[in-house]
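There is one chain below, alone, in structure tokens, taken in the form predicted on its own.
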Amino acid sequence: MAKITLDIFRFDQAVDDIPHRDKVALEIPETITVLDALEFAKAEVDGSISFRRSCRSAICGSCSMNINGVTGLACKTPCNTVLRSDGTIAIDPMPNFQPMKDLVVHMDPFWDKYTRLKPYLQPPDRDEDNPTERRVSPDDMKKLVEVANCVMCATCYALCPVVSVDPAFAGPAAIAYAYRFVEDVRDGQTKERLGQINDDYLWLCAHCYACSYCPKHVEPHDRIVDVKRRTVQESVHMNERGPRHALVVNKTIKQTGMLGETEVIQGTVGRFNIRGLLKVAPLGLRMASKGKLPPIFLRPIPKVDEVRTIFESLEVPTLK
């Protein structure tokens, strides 16, 4: 048995104006999970402690919360792996969500974005037109298995810095799960799906890899990259800044082996978009005043052919 103190965020939107913290001292085995510790605290010390949980097996995704500053599943986190030197464990609600009561948060924004991307199969034909089930080959199914492991715990959404500054962004979980249907050979709405994902600000993703901390190893960041790649392959919304920026970056690196900032700005904004170029002109002037203006013309680096070989081997699309 070990003496463990849970430092719990407390707030009830019905009666509290500001949150406070309660420390609950327990004598429990340090090998039990954080969820078990919370269950013990609720049953034996304070029955008003509120949190979500269901399966206790990392399947339902309900018990996602912030533990010592890191968001994850409480049922999958042993106390002895997060116990601080002073014998405490700080437990808070997930960031990027509005607290409802203690560790329970309002999930509506998360589910609204998920629903908007239509996370269900939309085949091109009717069920009654198929004498048998729609079958998928093992190779095609391999693309879907990893994403299908997502339990919608919202850990990646809570960790996403883009969501924290721009709530319009769909978030990693919604985009990753939409990818599951983009790659499904039985679906008939690929371009429509990609268009909706783009409308939900796909290209805002900063590729910071914060969402790579996934308790079910779905790797939502990689799925976002896959969706961006399919967007380019399917020529969806190619006149928007996001895909143009990605393609012009590829183009300059393939041509010279280096990133041509001047070319990237013009290619992203549009060479003939006078109004857009005027908006970024002050930035260029500030860079020039600091001696940081990149050269207008870049010479290819030595052995640039090796860089081009990498692009060709990966079949990276380029801006024409």
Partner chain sequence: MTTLLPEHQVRDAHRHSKSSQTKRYGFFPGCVAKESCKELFNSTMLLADRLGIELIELTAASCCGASVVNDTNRDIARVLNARTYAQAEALGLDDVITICSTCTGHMRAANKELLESEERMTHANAILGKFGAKYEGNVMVRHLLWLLIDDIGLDTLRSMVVRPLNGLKVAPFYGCHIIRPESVNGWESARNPHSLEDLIEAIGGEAIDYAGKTRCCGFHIQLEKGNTAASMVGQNMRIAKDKGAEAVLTPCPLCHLALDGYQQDAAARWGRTDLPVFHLPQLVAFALGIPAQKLGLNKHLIDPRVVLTDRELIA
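This one's a predicted model, so the numbers in the text were calculated from it and none came from an experiment. Basically, rigid core = biggest C-alpha set you can superpose within 1.5 Å across the two forms. Residue numbers count along the first chain shown, from 1.
Note that the form predicted in complex with its partner chain isn't included here; everything after this is about it.
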item	value
Heavy atom within 4.5 Å of its partner chain in the predicted complex - residue from Gly188, Pro109, Pro161, Gly195	Pro161
Glu261 within 4.5 Å of its partner chain in the predicted complex, heavy atoms	yes
Non-hydrogen atom contact Pro29 with its partner chain in the predicted complex at 4.5 angstroms	no
Phe9 within 4.5 Å of its partner chain in the predicted complex, heavy atoms	no
Partner contact for Cys205 in the predicted complex: its partner chain, 4.5 angstroms, heavy atom	yes
Within 4.5 Å of its partner chain in the predicted complex: residues from 63-85 (heavy atom criterion)	Val70, Thr71
C-alpha of Asp16 moved at least 2 Å between the shown form and the other one on rigid core	no
Cα displacement of Ile310 between the shown form and the other one reaching 2 Å, rigid core superposed	yes
